[in-house]
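Below you will find one chain, with nothing else, as structure tokens; this is the form predicted alone, and questions on how it binds or moves follow later.
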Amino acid sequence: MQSAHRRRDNTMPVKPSVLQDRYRNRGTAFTLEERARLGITGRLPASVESLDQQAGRAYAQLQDQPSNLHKYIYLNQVHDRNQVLYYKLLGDHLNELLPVVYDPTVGEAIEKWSVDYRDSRAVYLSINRPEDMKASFQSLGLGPDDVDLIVVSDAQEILGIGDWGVNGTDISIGKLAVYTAAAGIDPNRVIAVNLDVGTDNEQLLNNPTYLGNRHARITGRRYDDFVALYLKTASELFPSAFLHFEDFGPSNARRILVENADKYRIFNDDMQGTGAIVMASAFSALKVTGGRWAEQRLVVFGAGTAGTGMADQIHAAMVRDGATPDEAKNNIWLIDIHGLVTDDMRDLPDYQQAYARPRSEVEGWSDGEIDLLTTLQHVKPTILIGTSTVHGAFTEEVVRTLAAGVERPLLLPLSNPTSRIEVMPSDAVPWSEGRVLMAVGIPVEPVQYNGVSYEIGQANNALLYPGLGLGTIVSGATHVTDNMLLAAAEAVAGQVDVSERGASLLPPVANLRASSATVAVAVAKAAAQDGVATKSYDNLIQAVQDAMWDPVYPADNLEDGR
């Protein structure tokens, strides 16, 4: 009888070696003694390299890739082979590689994900098999104290490309990569999750290579029950985990957050993170203008969940500055595709209803829909935010009207990519005669006007959410409070000097790791002030530093295990 322990060619099967384990593999950095101990003698070239040498070679190979998508694929291959080397490479060149591992390149990768499917580092939860949810998490072999962070997406509203079903898994994976590179969140203590509830993308449903559930998106009670089961299961199995929600559709994102914010350690980056980075821009702008939060007048052009989330954060700041909730609400105007949001509009989404203006208040403004220009003429806002994805919506007349209303308005055209931005700074600065204070959603070059160089900060959420997550983890906060979000925003704004005309309102992304540590300390302090922190430290700054994982080869990761 053939032995069960032998292959048909009568040789013993080879046990998967450390070279196939991304968590332990060091490749050519294994010493000769380590190679002998691990049974990999002769499996590597004779030279023993340092991590810096490996990273230098990998970067040179990366530079040879013909496109950002090829660079994305190459980095994934490095990640699959050697996790430490991947994060060393990413951390050393974060400013350059952030657009490769995440937005915008990840969007292109997602569109081709099923066709190009390789290895995956995610957990896939199907709405058709909710009974498998607990077992799916348990298959990772992680205990209740082994997970700090879980990023989940149902991929309904991916960046600017919409519904991509299970293909959107790389959104969660990419977000985790940024958390680790920017804030030192331990990559061995994180999980990426895709909630596969179907897709309404006909291109995917008709594609024979598509790997997700082949049916339309499930909605209503069944969807809500599935999300509720996810929250319950994840929080019970990993009670210390920070639960990050990403790229959920507008009909679900705000509702899930509002209904669960007091029950779970939940955070929605599209709403809260984007809102907080806008707050950071506004904190810097107020240092220039000397204004108070309670005095601001806000117009949001593009009143989806992201734009409304920004309004929520600014509303909270107004209230903290002494305004009543109603007074703060009365200083906020939302504009969507049907014009100014008013209370007589039919089928208003729940997230817009709180800010709908009374029709009686705007009688006489217009015979029909009240457009952006008309709203600016009547409101004279101090802050105008664009999240509409309507390229060129902030015309010269719009910008000049905004600048005529107040001396130094804050103008935030945040839509991206460039083909969707509401106005380019190179136009807005001269149209306003250099008076607008700006941050935008894309990287742009400084604008030269009347002898002044205007540095335009990028309102990139990566400036904020990694540090927010780290501060939440370090403090053991049971919830993410408005005060924690405001503290994060203030910490980001505190890293720039706006005393010179033309100074950027936001710090560059080049020093994200140091920036994230600063944000984390502020967030942990706010958690303690709000009474939601469960951990305290004699030296919080050192505690944050100690919590940050470094991409180095440790002495204790050569045994079996994650």
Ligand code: NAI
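All values reported here derive from a predicted model rather than from experimental measurement. Just count from 1 along the sequence shown to find any residue number.
The discussion below concerns the form predicted together with this ligand, not included here.
Colleague: Using heavy atoms only and a 4.5 Å cut-off, decide whether all three of Ile110, Asp163 and Asn201 touch this ligand in the predicted complex.
Modeller: No: none of Ile110, Asp163 and Asn201 comes within 4.5 Å of this ligand in the predicted complex.
Colleague: Can you say which of 445-453, 295-303, 135-143, 400-408 gets within 4.5 Å of this ligand in the predicted complex, counting heavy atoms only?
Modeller: Every other range fails; the passing one is 295-303.
Colleague: Which pick from Ile335, Ala487, Ala311, Ala276 sits with a heavy atom within 4.5 Å of this ligand in the predicted complex?
Modeller: Of the candidates Ile335, Ala487, Ala311, Ala276, Ile335 is the one lying within 4.5 Å of this ligand in the predicted complex.
Colleague: Out of Gly184, Gly212, Gly441, Pro381, which one falls within 4.5 Å of this ligand in the predicted complex, going by heavy atoms?
Modeller: Selected residue: Gly441.
Colleague: Even though the partner isn't displayed, in the predicted complex is Val390 close enough to this ligand, meaning a heavy atom within 4.5 Å?
Modeller: Close contact exists here: in the predicted complex, Val390 approaches this ligand to within 4.5 Å, heavy atoms only.
Colleague: Spell out, yes or no, whether the shortest heavy atom distance between Thr180 and this ligand in the predicted complex is within 4.5 Å.
Modeller: Result no; Thr180 lies far from this ligand in the predicted complex.
Colleague: Please tell me whether any heavy atom belonging to Pro250 falls inside 4.5 Å of a heavy atom of this ligand, as the geometry stands in the predicted complex.
Modeller: Contact with this ligand, yes.
Colleague: Does at least one non-hydrogen atom of Asn416 fall within 4.5 angstroms of this ligand in the predicted complex?
Modeller: Yes, Asn416 is a contact residue.
Colleague: Scan 226-244 and note down the residues that get a heavy atom within 4.5 Å of this ligand in the predicted complex; none is a fine answer too.
Modeller: Going through 226-244 in order - heavy atoms within 4.5 Å of this ligand in the predicted complex - there are no hits.
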